[in-house]
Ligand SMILES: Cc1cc2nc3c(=O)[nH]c(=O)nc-3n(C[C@H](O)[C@H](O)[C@H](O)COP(=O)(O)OP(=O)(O)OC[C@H]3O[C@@H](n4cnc5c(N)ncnc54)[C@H](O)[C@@H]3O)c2cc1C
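What follows is a single chain, given as structure tokens, in the form predicted on its own.
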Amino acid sequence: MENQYDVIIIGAGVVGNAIARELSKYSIRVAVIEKELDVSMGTSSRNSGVLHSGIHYKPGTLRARLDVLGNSLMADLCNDLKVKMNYLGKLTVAQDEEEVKSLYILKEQGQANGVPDLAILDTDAMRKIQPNVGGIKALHSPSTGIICPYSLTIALAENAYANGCHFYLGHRVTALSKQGDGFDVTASGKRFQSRVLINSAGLYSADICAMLGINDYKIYPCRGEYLILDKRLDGSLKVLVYPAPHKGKAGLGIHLTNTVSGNILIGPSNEYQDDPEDYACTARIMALLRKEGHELLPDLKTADFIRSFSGLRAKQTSPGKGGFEDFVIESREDVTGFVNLVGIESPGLTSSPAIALMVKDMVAKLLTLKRKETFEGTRSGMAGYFHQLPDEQKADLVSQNPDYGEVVCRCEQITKKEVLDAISNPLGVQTINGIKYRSRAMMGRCQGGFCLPRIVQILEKEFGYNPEDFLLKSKDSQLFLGKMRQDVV
């Protein structure tokens, strides 16, 4: 059978792709099946992009252990994959004496988890780190960092692909069954077989379980809305600033988060939803985030808010209960060969390389894993973007390829060559969002007002696109229905 594999992974988020890359180190056939037209289209691209230190998680839990381990693995992984990240640290700030008590609990918890260099700071000490920050005390966690979550997810997928992993994008799983020593998988009318099946479906992980008759789990989608601030404010935050935690909340509270691209995020909110694809941004929450933003950054102007977005957490706790449950990562004894991941919410991004190692060990008990001599763990190309390079290196690249000398996206200073590279990506993704996530074109202040027409021209003239071919992100998101008039010859 053509579509026969040793391992099939359902879900191409950051965890699924980290597992795919880890398993691509071995001489087995691995495939990833994803319902969207690209990787990182769900939770993995819609979050704060924070590498958590491990202070927020109960000692002895998977969340605590995998977060701290994943945090320690991230620097080397990002160096190999040419993904930008930065351990800039975090202040968790208390506004009153009751909240100060929670800081000491966090510090004790973090130390039990092995988080390094934690310290409770008074007002003077915390303001030396972050001028003008409010509050009476703060917990400083230097190992907290930031990363571009979709850049990491894409890099993991492309490296797994380069090492032989197969990707089936735009394939929604509609049926599963256990057949003898393996599994039958039906996705978008295509049949697959595998010896091991890994459920990394995120918000749909309980649905995948149910297809195999496992009804132990329920996922409650919880939406967090964000505002993105203009790069004018880059440098306003020296560290991440979080509020002290409050028991029973679904998240860690509204906070300010630096990004590796220079923007600042305000958010996220926490609202449970029935629909696992309801990514709406609401007027009520946007007003709340603006108010919070002005309180935290008094210099903020209305024109500094350039975009909003939202993401969904795959929570196992109901709206009435709130709080968090531990990750479920199990090799099922009742369905041999089924490796099941459920409720991988925050800190799933930070934990992803550690989760991949844990799952690899589970697979090693089900299959013989022989290390490949040909595995290549690094990616070719630039680390970062053309405009970040020294002038001498820019001049050398332009002399080699004039497309580096043509700026397509003025806001983000993205060149035609970078857009062409994004269009010609290894996974073959050619949606507008796919180009956006790979190049950063269309992510600036004008949100594509200048560069989108130029990208459309490139796709039409250099890649032969017809108007009906242009998709924003999915098969039902066409940008154009046709032409108003024919080109004059």
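Being a predicted model, the structure only gives us computed values, none of them experimental. Note that residue numbering follows the sequence shown and begins at 1.
The same protein also has a form predicted in complex with this ligand, omitted here; what follows describes it.
Figure note: of the listed segments 316-324, 398-406, 81-89, 347-355, the one touching this ligand in the model of the complex, with heavy atoms no more than 4.5 Å away, is 347-355. Among the residues Arg65, Arg454, Lys436, Lys35, the one placing a heavy atom within 4.5 Å of this ligand in the model of the complex is Lys35. This chain is drawn without this ligand; in the model of the complex, the residue among Arg172, Lys372, Lys190, Arg127 with a heavy atom within 4.5 Å of it is Arg172. Contact check for Gly444: every heavy atom lies farther than 4.5 Å from this ligand in the model of the complex.
Using a 4.5 angstroms limit between non-hydrogen atoms, Val429 is distant from this ligand in the model of the complex. Proximity of Tyr204 to this ligand in the model of the complex falls within the 4.5 Å heavy atom cutoff. Within this chain, Tyr226 lines the site of this ligand in the model of the complex, having a heavy atom no more than 4.5 Å away.
Contact annotation for 44-68: residues with any non-hydrogen atom within 4.5 angstroms of this ligand in the model of the complex are Ser44, Arg46, Asn47, Ser48, Gly49, Val50, His52, listed in sequence order.
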